[in-house]
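The chain below stands alone and is given in structure tokens; this is the form predicted alone.
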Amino acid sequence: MKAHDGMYIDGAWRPAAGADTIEVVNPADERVIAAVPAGTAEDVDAAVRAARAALPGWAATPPAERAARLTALRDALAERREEIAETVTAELGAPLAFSRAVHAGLPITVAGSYARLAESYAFEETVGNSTVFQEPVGVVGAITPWNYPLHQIVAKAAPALAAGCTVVLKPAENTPLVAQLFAEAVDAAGFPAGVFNLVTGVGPVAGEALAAHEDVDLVSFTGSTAVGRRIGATAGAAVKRVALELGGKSANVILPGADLAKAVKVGVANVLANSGQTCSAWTRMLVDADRYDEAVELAAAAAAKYAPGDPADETTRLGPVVSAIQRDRVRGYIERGVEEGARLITGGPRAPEGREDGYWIAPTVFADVTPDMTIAQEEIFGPVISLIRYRDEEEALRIANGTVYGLAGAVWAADDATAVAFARRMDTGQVDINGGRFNPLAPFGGYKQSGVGRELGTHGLAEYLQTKSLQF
């Protein structure tokens, strides 16, 4: 798609307040593929004022009509599925097959789910002598990351719009093109002017201005825990609602009696998907001592099937990471793992052979990782897996719960009941049992420093509602 040189504000593309731009780089070969405007506080203010003006009308729109607009949005996205996939592959570096299935397919599904929820949700109920109303919280400032650029936009904008809120979106500066495509789809779907607004820009300028704006009622942010802390502090000082979906260091716990080959194969695939740039990735694989060596061999063999390749090639399974900053960050963690005594099984900090241009990291597997190592505690956000040995289930539980994060995880056991019993004791927001599939209607979010609030399904809609009770 051709990049817009303006912001989408109040139902139209209009010039940015300043002249600065952001170059969009293809991470596979470092070519500049587009440029978008770098928004300022002035752009953010114009977008927020448009959203504030549109709020009364949209909040008063019957839920069935909001549902109709969301259905039209889903259809507009579905019509451009291939363009979405190609756009994300170009600006993120995700393999095209993965972009089609996940980066395009998942947000279309989520948009459709909120179209149905807008029509069926009980925005009003009777409790004794009271009528309780669920009303839109107001103007939403949505700040989204680059790793699942369209999914994260839809996971915030769709429930906010279903609730009757208006939205100002500040997408990640690495992946602004699919955000512009989303704004085009909103426009095609016939939403009233000002209900959705887009400001591209960098986090410390446009993102900070949006989070701090006095006329924003709720800030929804997905990204690093460090930035989430700052946004939470800003919102807290203003007594403003906040939803934070932050980092993770999820455990893939393989209990004795589980199907080891399947658990390892699926676990490796889970981490290497999207080049490891997934906040919920099961980056710590916990295996009992009796089967640990076998698990290491299985993990190495599974990782070997993910050869880095051209993301535009239909057969590629592993693309680059998003940027030079991210590549250097991941390399630093790999070097730290070696320095702290972890055993490098495959991969490493050097660029894969023949991949000197672009931001490439070889799929990397570490063995003999101890729970206190940096690579077992901090979020790496790259194709790096740490295998950790445990003696018994109690030690496995201590290791699984032994980080500041609690976003996701997996448990494998001989039967579901055993896995569920273990999962109920994990301090984490979502656990897959014996390979359970991702459910876009289930609440997604974390315990501890993995965030505040939930996304997706009815729980995600509730984040954008506030409660009023009338007594009779």
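The first residue of the sequence shown is number 1, and the count goes up from there. Predicted model, so just to flag it, every value in this text is computed and none were measured.
Not on display, but discussed next: the form predicted in complex with nicotinamide-adenine-dinucleotide.
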{"property": "4.5 Å heavy atom contact, Gly247 to nicotinamide-adenine-dinucleotide in the predicted bound form", "result": "yes"}
{"property": "Contact flag, Ala396 vs nicotinamide-adenine-dinucleotide in the predicted bound form, heavy atom cut 4.5 Å", "result": "no"}
{"property": "In the predicted bound form, Arg230 touching nicotinamide-adenine-dinucleotide (heavy atom, 4.5 Å)", "result": "yes"}
{"property": "Contact test in the predicted bound form: Pro171 vs nicotinamide-adenine-dinucleotide, heavy atoms, 4.5 Å", "result": "yes"}
{"property": "Contact residue in the predicted bound form, chosen from Gln326, Asn274, Thr89, Ser386 - any heavy atom within 4.5 Å of nicotinamide-adenine-dinucleotide", "result": "Gln326"}
{"property": "The single option of Gly337, Pro107, Gly207, Gly358 touching nicotinamide-adenine-dinucleotide in the predicted bound form, heavy atom within 4.5 Å", "result": "Gly207"}
{"property": "Tyr8, Pro37 and Thr200 each touching nicotinamide-adenine-dinucleotide in the predicted bound form (heavy atom, 4.5 Å)", "result": "no"}
{"property": "Per-stretch contact check against nicotinamide-adenine-dinucleotide in the predicted bound form, the hit in 374-382, 67-75, 119-127, 301-309 (non-hydrogen atom, 4.5 angstroms)", "result": "374-382"}
{"property": "Partner contacts for 212-231, taking nicotinamide-adenine-dinucleotide in the predicted bound form and a 4.5 Å heavy atom cut-off", "result": "Phe221, Thr222, Gly223, Ser224, Val227, Arg230, Ile231"}
